[in-house]
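Just one chain follows, in the form predicted alone, and it is written as structure tokens.
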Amino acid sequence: MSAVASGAIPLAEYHTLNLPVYAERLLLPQSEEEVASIADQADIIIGEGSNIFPRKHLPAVLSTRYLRGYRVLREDTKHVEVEVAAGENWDAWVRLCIACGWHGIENLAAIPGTVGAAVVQNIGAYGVELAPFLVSVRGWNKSIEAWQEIPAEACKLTYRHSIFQTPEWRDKFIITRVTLRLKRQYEPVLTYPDVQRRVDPSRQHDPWHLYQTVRAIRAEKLPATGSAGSFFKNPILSASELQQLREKAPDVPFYPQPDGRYKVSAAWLIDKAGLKGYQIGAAQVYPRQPLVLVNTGGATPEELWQLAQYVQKTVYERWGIKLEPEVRIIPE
């Protein structure tokens, strides 16, 4: 496979919304050496395209999906540090970790995308985030034309955010390897009601059971194809903002955060605004999970864009809450 393809390259197979957009060039490095040699040709950096919304045809796109492999750096009786290539599929990586007896990320089962993208997004689900397990990332910095090793604290991971989403780093730093510190002892995290209800108490100390439980929950809520997962972030509100919202919506689900703020369910806000199943053309608010916008087949980027804007406008008018996209919209 050539690392570079030119012309009008269809991108439907390179992003999970399956929209009919093209790239002028598609760069598919299969090694770090190739990353360094072709990085200056890339305008946009993606993994498997599971968290992007391309609104129009794009210039040169580089995907790290073919960077593969892993190695154990160090281990003791309590922890193991593993360096894994950024292009490894995240869900496959979770399965491998369970098989190897490396624990902590079972609740992140079935999240689409690559290991590198997991860091960019600081993925999280069912009471677990990637952040506590990250040690460092390695990548090519286009701005200085050099390799860099960036420790976890410098990545500034917060709720669904990292420095790699900021203008100074986005599309300028290509993550090629990620180092994670995982546990040797399995400690199930069963804090979310959906997980609590579904886990068999007699198997709660079986990591495979938790993995399969989370997969089953996600499968019921997400379409098999045509989505980028959660399209919007759950709003994070101050105590006073939450109080104002609860005056309009007493039953809104909310979750206290370590910083004293509160996470509110965006899915609930969308659902109670009457938008579940709402459709513009072939773009739809997914009936089983209103946080997801889905291409039901043949949707155009404009239809999806109109739907996203309509959801934001309706939720703001109904609840006074501005929903922020979780997906990366290209161009901004």
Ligand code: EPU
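All residue numbers refer to positions in the sequence shown, first residue = 1. Note that this is a predicted model, so its numbers are computed, not measured.
The form predicted in complex with the named molecule is left out here; the points below concern that form.
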Consider residue 125 of the chain shown here, and say whether it contacts the named molecule in the predicted bound form, taking contact as heavy atoms within 4.5 Å. yes
Partner contact for residue 57 in the predicted bound form: the named molecule, 4.5 angstroms, heavy atom: no
Spell out, yes or no, whether the shortest heavy atom distance between residue 218 and the named molecule in the predicted bound form is within 4.5 Å. yes
Counting only non-hydrogen atoms and a 4.5 angstroms cut-off, does residue 233 reach the named molecule in the predicted bound form? yes
Please pick, from 237, 222, 152, 130, the one residue with any non-hydrogen atom lying within 4.5 angstroms of the named molecule in the predicted bound form. 222
As a check of understanding, the residue in 268, 70, 66, 305 with any heavy atom within 4.5 Å of the named molecule in the predicted bound form should be identified as 268
Pick the stretch from 238-246, 182-190, 152-160, 139-147 whose residues have a heavy atom within 4.5 Å of the named molecule in the predicted bound form. 152-160
Using the arrangement in the predicted bound form, list in sequence order the residues of 296-332 with any heavy atom within 4.5 angstroms of the named molecule. 326
